[in-house]
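Have a look below at one chain only, the form predicted alone, in structure tokens format.
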């Protein structure tokens, strides 16, 4: 079987809404395998490393956020870096000390399937059937009016490289299990289900 891993975190707003079991079920039904999980109240230092204070994270994040605001008619007079710096500060403040469930899911195309399961960053435009499309009324304008970061329910790694970095940041190697599921033979094997004659 092709083994790709992705980092998924059920965010504090989902923990408070008691959606943990429901959201885990979404990834299981996708056929992904849970290989690590822990409930954690992350420190400012951990969140600061997850959302790094460098241009490689700040510029794309700020650019995407500006596009989202513009699409909804919100005028923002900040550069992408300035907006992303504000977003980062809000994320550090919001996530620090609040419970969230950090997980590693494994399977073929785990990163891509994780992102599809979660849905687009702006829950207002997320497809029905995705986590954000089914469980959120959030939008850029709602978050702005309330003066807080947008609540997106779940974090999902955006690329294989990002997943590797996030997994190394959040988990020790000994916390990640390697085991087989019976269903793996059905999903990825070829020698099953034949009628014996």
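Everything quoted here is computed from the prediction, not taken from an experiment. Numbering follows the first chain given and starts at 1.
There is another form of this protein, the form predicted together with cytidine-5'-diphosphate, and it is not shown here; the text below is about that form.
Three-residue candidate spot 5, 7 and 108; no residue lies within 4.5 angstroms of cytidine-5'-diphosphate in the predicted bound form by any non-hydrogen atom. Residues of just one listed stretch (60 to 68, 28 to 36, 41 to 49, 168 to 176) have heavy atoms within 4.5 Å of cytidine-5'-diphosphate in the predicted bound form: 60 to 68.
A heavy atom within 4.5 Å of cytidine-5'-diphosphate in the predicted bound form is found for one listed residue only; from 113, 126, 101, 91, this is 91. Using a 4.5 angstroms threshold between heavy atoms, residue 150 counts as touching cytidine-5'-diphosphate in the predicted bound form. Proximity of residue 85 to cytidine-5'-diphosphate in the predicted bound form falls outside the 4.5 Å heavy atom cutoff. Contact between residue 135 and cytidine-5'-diphosphate in the predicted bound form is not found at the 4.5 Å heavy atom cutoff. In the predicted bound form, 11 is the single residue of 5 to 44 with at least one heavy atom within 4.5 Å of cytidine-5'-diphosphate.
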